[in-house]
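Read the single chain below, which is given as structure tokens and is the form predicted on its own.
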């Protein structure tokens, strides 16, 4: 069991060795810490904005999506969507909003664990966090597509509007309505965290791969990290 854990955790660095090469061994941990902070901060910030422009709304209607809630003119937008047969926005991504904050906490824990792993297994903990912003946008697009392509045929204006795919990012719209969707600060911070994590993996490999190879040679097992 101990041997198995050693292969997962990788070589340990002595205090003297770490002090001599503090930049080399400290950079991966610092970048992982920075990514954790960015993710934690992002939980409290908006992840997505949508503005709906229409002649009867000179100031537009605005909706903001957080990890676990929707705020803004959601009721008014739902009222307009009702006429074309689109379901309430509150029905979209209900599961995602319920577990979103817990997933972010899990991500932070995974990055904390990755800081103590000096082998290739650290990448398995980091990878889900790296791809999270892309997964968020893909999930958002799929929900928008599902709602736009499955309009209620019994809606008052069902004959006037054909099924469509609302834009998850950028400018779109239908008829006299124009929508402008933009990423929120939270999603931007999560994307920055992804870039930081890619850099962390690069410095992690540069710092620990030589040590892993030495360890494997000493034990007579194939090289790897």
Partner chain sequence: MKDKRTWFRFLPATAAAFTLCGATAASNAQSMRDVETVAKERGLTNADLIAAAKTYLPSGQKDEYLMFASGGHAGQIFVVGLPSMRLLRSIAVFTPEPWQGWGFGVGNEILEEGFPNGKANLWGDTHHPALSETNGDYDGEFVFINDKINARVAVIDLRDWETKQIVKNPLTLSDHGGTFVTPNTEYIIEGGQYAVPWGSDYVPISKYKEEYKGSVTLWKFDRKRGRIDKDQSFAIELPPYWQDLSDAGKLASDGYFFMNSLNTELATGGIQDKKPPFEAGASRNATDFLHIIDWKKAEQVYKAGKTQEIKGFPVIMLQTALDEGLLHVTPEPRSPHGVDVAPKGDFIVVSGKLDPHVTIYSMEKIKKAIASKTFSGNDEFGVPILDFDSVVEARIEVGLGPLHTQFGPDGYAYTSLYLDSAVARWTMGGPYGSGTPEPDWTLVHKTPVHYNVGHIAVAEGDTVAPDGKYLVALNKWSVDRFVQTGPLLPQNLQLIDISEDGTNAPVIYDMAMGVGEPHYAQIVKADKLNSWATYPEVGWDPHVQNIKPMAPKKGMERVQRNEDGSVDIYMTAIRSHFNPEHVNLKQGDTVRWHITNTERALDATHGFAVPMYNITASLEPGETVTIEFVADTPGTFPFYCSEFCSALHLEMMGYLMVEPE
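Numbering follows the first chain given and starts at 1. From a predicted model like this one, the values you see are computed outputs, not experimental measurements.
Same protein, other form: the form predicted together with the partner chain, not shown, and the subject of what follows.
(message) With a cut-off of 4.5 Å between heavy atoms, is residue 48 one of the residues that contacts the partner chain in the predicted complex?
(response) No, residue 48 stays farther than 4.5 Å from the partner chain in the predicted complex.
(message) Does any part of residue 97 reach within 4.5 Å of the partner chain in the predicted complex? Heavy atoms only, please.
(response) No, residue 97 stays farther than 4.5 Å from the partner chain in the predicted complex.
(request) May I ask you to state whether residue 194 is within 4.5 Å of the partner chain in the predicted complex, using heavy atom distances? (result) Close contact is absent here: in the predicted complex, residue 194 is far from the partner chain, nothing within 4.5 Å, heavy atoms only.
(message) Can you tell me whether residue 82 touches the partner chain? I mean in the predicted complex, with a 4.5 angstroms heavy atom cut-off.
(response) Judged by the heavy-atom cut-off of 4.5 Å, residue 82 is in contact with the partner chain in the predicted complex.
(request) Quick one: from 76, 112, 152, 139, grab the residue that has a heavy atom within 4.5 Å of the partner chain in the predicted complex. (result) Only one option qualifies, and that one is 76.
(request) Please pick, from 60, 163, 175, 156, the one residue with any non-hydrogen atom lying within 4.5 angstroms of the partner chain in the predicted complex. (result) Flagged contact: 156.
(request) Mind telling me which stretch in 165-173, 186-194, 63-71, 28-36 gets its heavy atoms within 4.5 Å of the partner chain in the predicted complex? (result) Result of the contact check: 165-173.
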